[in-house]
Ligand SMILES: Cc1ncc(COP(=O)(O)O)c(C=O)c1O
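Taking the form predicted alone, here's one chain by itself in structure tokens.
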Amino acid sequence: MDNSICRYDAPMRGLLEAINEEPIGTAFIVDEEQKVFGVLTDGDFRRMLLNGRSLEQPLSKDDINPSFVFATEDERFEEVLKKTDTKVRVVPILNSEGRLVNYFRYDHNVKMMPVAEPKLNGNEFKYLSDAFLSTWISSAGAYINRFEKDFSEYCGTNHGVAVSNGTVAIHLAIVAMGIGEGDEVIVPDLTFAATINAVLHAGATPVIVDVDEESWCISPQAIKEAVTSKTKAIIPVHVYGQPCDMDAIMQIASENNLYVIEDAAEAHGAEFKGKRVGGIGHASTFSFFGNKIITTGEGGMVLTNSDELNNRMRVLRDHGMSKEKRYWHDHVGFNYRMTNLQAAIGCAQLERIESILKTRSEIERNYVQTLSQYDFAGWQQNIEGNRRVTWLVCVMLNGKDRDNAIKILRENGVDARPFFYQLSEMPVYSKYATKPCLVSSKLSKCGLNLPTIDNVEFERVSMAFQQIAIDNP
């Protein structure tokens, strides 16, 4: 913004060079006391040049229209927005002394910045074309085997079973473990509904428990209190890229002879004490939906070190068909298969996963730096000894109206989404929570996610946060 603040008597060449370095194409003209008394756009400069003005000539006060549009720092967002139109795109925001403190820019044709978008600039098209030309476009092909092998090795497990999406990955693991009617499965209150839906589809009873205030992941203490004689499994969710306390969870499971199914849909590449998530429990599930860290468009995978579980899941994934006797069905199975086309994209994505993770982490750091002045913004914590990954950038709006903040962000062309609703708040699931989940209630009401796309326009986000601060004092 400093380049946009120009003295009224500065040479025109210097003014043009200064505003050329700023994306807004506007100069805020100040007097000797740094008080703003006019605004000139790059269009104004062009018109002066066409009228014969020299680049070496200084501006004069006569060049500047003193009747410019401005706003004060205590004005509400809606009031500032009304001052813009197709001609007035940039509105200086002044303090009580008339000095510039910020500016508001609104493009009435602005393109919305999405929360997430896939990065497909590697070998995705090459491998996809290869799979297409091979004619192996359905649920068999070299890329499926390769993706299963490479991804399971990346996570440190012996087996990977590729499936059609992350939800069926959880369901397949539950059913393959023999969990069903009369059995209980412990799930966290703060998670996407797929986690609990898979338990219900298997005929088992979910038991909702609260999450930890620091990690936002399932609380080991809450798990302990929820275990009964009917409990058969725990599904810890590495929510928003944060690893759960897997030592404590595995200890509880060992003491009570329980399965642990890690839901790592949002945590590709995250590590707990040096070990990648997905390789710690008895099985783990991943999603490769289009907004995930790596994607196959739709798709998922179950990982395990158990030969027996791997073999059972492969049979159930393919209609329950015998591997030795084609079209002979020993079990009532499912069509949960991934296509070779999807797996081809997945192979290319996996080649660049560390680069993708690094970029997302840098984007999050830029948010924290850009918005550091707003003390109402709280950020996801890094827990010592673990590697948290950035799926979506998470921010807690402490003492602010979260839904109004999302509205302001979207009006500035920044897509934002709320945290997951707590499961226990939704009538369809509320009966599965035996105790109030106070931590997840707080998180779900205050948290929002910001875009992790490569070309985040932090200026837009910063301006929106300024309005959030003003609208929610």
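What you see is a predicted model; the values in this text were computed from it and never measured. All residue numbers are counted from 1 along the displayed sequence.
Just so you know, the form predicted in complex with the ligand exists too; it's not on screen, but the next bit is about it.
Not displayed here, the ligand is approached by residue 166 to within 4.5 Å at the level of heavy atoms in the predicted bound form. Among residues of the shown chain, residue 299 is one whose heavy atoms approach the ligand to within 4.5 Å in the predicted bound form. Among heavy atoms of residue 287, some come within 4.5 Å of the ligand in the predicted bound form. Not displayed here, the ligand is kept clear of residue 394 by more than 4.5 Å at the level of heavy atoms in the predicted bound form. Checking 266, 124, 184, 148 for any heavy atom within 4.5 Å of the ligand in the predicted bound form turns up a single hit: 266. The partner is absent here; in the predicted bound form, the one residue of 349, 242, 191, 340 having a heavy atom within 4.5 Å of the ligand is 191. Of the stretches 194-202, 214-222, 397-405, 116-124, only 194-202 has residues with a heavy atom within 4.5 Å of the ligand in the predicted bound form.
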